[in-house]
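The form predicted on its own is given below as one chain in structure tokens.
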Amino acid sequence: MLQQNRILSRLLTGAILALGLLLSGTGPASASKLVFIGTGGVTGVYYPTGGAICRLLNTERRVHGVRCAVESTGGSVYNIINVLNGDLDFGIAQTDVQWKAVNGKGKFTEKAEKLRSVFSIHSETAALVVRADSGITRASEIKGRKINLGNIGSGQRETSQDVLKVLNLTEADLKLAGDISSSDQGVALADGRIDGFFYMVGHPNEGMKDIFYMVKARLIPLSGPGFEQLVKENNYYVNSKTPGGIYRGVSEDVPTFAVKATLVTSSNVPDEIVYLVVKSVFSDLERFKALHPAYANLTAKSMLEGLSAPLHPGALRYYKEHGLK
């Protein structure tokens, strides 16, 4: 049923876009290609990020004939799998999940030979959010508790496994290893169905703000020798912090680690399509940065960091033309 709804949604999107183009009199060339970007839950940063990329690409659609649409998905793992099988043209994925796909680790039993990098975007910090009345004050105290690890197919779920290893825990050590989506975990926390949840998130995040207003909660530090070793052994992780003053009740910075969100594609996607996507963002970077607070510190240089998969030739062409290494 889920797959049928997805197919129907795509058909309707394509039909609406085609009708709009016909009514606007832009001609058949403008409807020559419709590309989809896989994102994440609608309350996260991935969904508006896909929307921001599409907005810039669609600005010149009458010139280049490419139309872009976003699709809300399960997240990083789902996006990479569906980019590789051709159901998505592009997908947003965490750097750690991208690395595991390229190297055939984690959920990926084979190396993703066709996966290609386009650019990286904002940083995402690892957050462990718990109810204030849960009694949990340290990460190690989640043992025997109801903790949401993230829905199947999400980068959140994948990264939470690394956190459990640092804590010398497995899912069996939790009273509940939840698979609730990021859009539903706040309500589950408020209702008491879970004691806490892991979340990979760019800040500030409106969904997180809502959660901290919905229920009294606290952020638990993910720091110490074990996490220092995790960062040292995995170059897709960096030490980071969740800034204080963003969420209700969190007045001071909370130490943690982070990854980057990246845009990926497949070697099967034409060079010209990828080139146009990169050009639409990099040639109007200030406008892109203004579309979400999480992009405030982006630079052209930082958007080429943290990429594990080879660059797509279409992206590489743009970077060479503009002297970006």
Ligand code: GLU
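Residues carry their position along the shown sequence, with the first being 1. Quick caveat: nothing in here was measured; it's all calculated off a predicted structure.
The same protein also exists as the form predicted in complex with this ligand; that form is not shown, yet it is the one meant from here on.
- With the partner omitted from this view, the residue of V201, V83, I147, L219 that lies near this ligand in the predicted bound form is V201 [heavy atom within 4.5 Å].
- Residues within 4.5 angstroms of this ligand in the predicted bound form, judged by any non-hydrogen atom, belong to 154-162 and to none of the other stretches in 154-162, 107-115, 231-239, 172-180.
- When this ligand is considered in the predicted bound form, G44 lines it closely, a heavy atom lying within 4.5 Å.
- Residue contact check for G186: none of its heavy atoms lie within 4.5 Å of this ligand in the predicted bound form.
- Of the heavy atoms in Q94, some are within 4.5 Å of this ligand in the predicted bound form.
- Among heavy atoms of E124, some come within 4.5 Å of this ligand in the predicted bound form.
- For the partner-free chain shown, G74, G75, S76 of 70-87 come within 4.5 angstroms of this ligand in the predicted bound form, judged by any non-hydrogen atom.
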